[in-house]
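Below you will find one chain, with nothing else, as structure tokens; this is the form predicted alone, and questions on how it binds or moves follow later.
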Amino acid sequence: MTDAYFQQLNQVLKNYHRAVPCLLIDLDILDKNIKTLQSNLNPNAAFRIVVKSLPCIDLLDYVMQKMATKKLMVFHQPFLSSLVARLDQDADILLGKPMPIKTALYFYENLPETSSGFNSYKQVQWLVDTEQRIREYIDLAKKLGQCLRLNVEIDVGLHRGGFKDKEALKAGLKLISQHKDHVSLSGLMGYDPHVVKLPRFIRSQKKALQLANDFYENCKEVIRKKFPDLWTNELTFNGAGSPTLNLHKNDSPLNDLSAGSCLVKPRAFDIPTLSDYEPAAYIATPVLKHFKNTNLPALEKMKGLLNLISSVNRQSFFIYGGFWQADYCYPKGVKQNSIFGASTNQTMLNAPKTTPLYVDDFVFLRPHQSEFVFLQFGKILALRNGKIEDRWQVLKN
């Protein structure tokens, strides 16, 4: 982003009714990223929003409307409970990781009131990764007197869990087939970020993708040929994620693609496959104190030497907060003082003598990720045309 962009935001925030650390989302850039996603998305696959990457009800509503989808991937039970109270009978939720059976039971024993028509038994797909997990969900279904939908996690190469070979998958599917009064197969899920993260000298991206897709297709064949009673045209074959979304074209075994982070593009997603997307989220925090030099505890007599050794130490500042998973991006040249260290209260920053930064100005940072960092700010300031348009509440834990 240009200096002019941040200078305008700085002035907007200085005119805002309070000065505290805040999370900003630029809706104009978000709209551009949504259009990029729409142009890259496999037309033969449904799009599913990853809630942990956009953990804000209003933000989710915004993206669901723009993307014309009501499919969500959820990783956290409190988020699940919050969402089912708002979603209607057309929504579909896939759990992004296996939930402990006590958590699933807690969810059902504490279902929120809803008038929207969402059915928490028919519209939630629980992820199962082992035979033991399947047995636990069968027992839960019996206890609830309901039929639960199970989506089977398969290991397509990441090796973070899931059924890793066809024989293990057959055993799991057999268990589901034997208890169709209590559980139903809703599909498969295979996550493949390793495809773009493996060093090329270990395995090329093309080869890694081929191996992942081949295994996924083989797992689908196991259902189709060995368990035809479980096969339907409505099965969810989910996978991808922001890093690999663009790689799943017409020859992909997936009919359900998940993503979220690419739409706000935090720092960790500065990767070649997402080069068409732009950063849409920033942290802004006010400067509380300004000093013309750097003065460190017990090193008072050395401040002149420190300033002489490094021009970046010529000015020092203390900001409101600062211990976030984020990188300083404006003003240019600003950095955290490594000796003073980070603080959740007041972090010391240094900058060259020429850096135009003063008390009550704002410093801008770019989050490393969205899924955790967003939750630290309570409300998100939604920007349009460089001005604050709305305040959006993040999901609660």
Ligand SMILES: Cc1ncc(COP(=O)(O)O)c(C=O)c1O
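Don't overthink the numbering: it's just position in the shown sequence, from 1. Note that this is a predicted model, so its numbers are computed, not measured.
Unshown form predicted in complex with this ligand; subsequent notes refer to it.
The stretch in contact with this ligand in the predicted complex, judged by heavy atoms within 4.5 Å, is 254-262, chosen from 140-148, 198-206, 254-262, 315-323. With a 4.5 Å cutoff on heavy atoms, residue 128 does not count as touching this ligand in the predicted complex; it lies far away. In the predicted complex, this ligand sits within 4.5 Å of a heavy atom of residue 243. Looking at residue 96, you'd find a heavy atom of it within 4.5 angstroms of this ligand in the predicted complex. Although the partner is absent here, residue 53 lies within 4.5 Å of this ligand in the predicted complex, judged by heavy atoms. Each of 73, 160 and 269 is positioned with at least one heavy atom within 4.5 Å of this ligand in the predicted complex. Of the listed positions (237, 118, 191, 79), a single one reaches within 4.5 angstroms of this ligand by any non-hydrogen atom in the predicted complex, namely 191. Interface residues of 2-16, taken as those with a heavy atom within 4.5 Å of this ligand in the predicted complex (partner not displayed), are absent.
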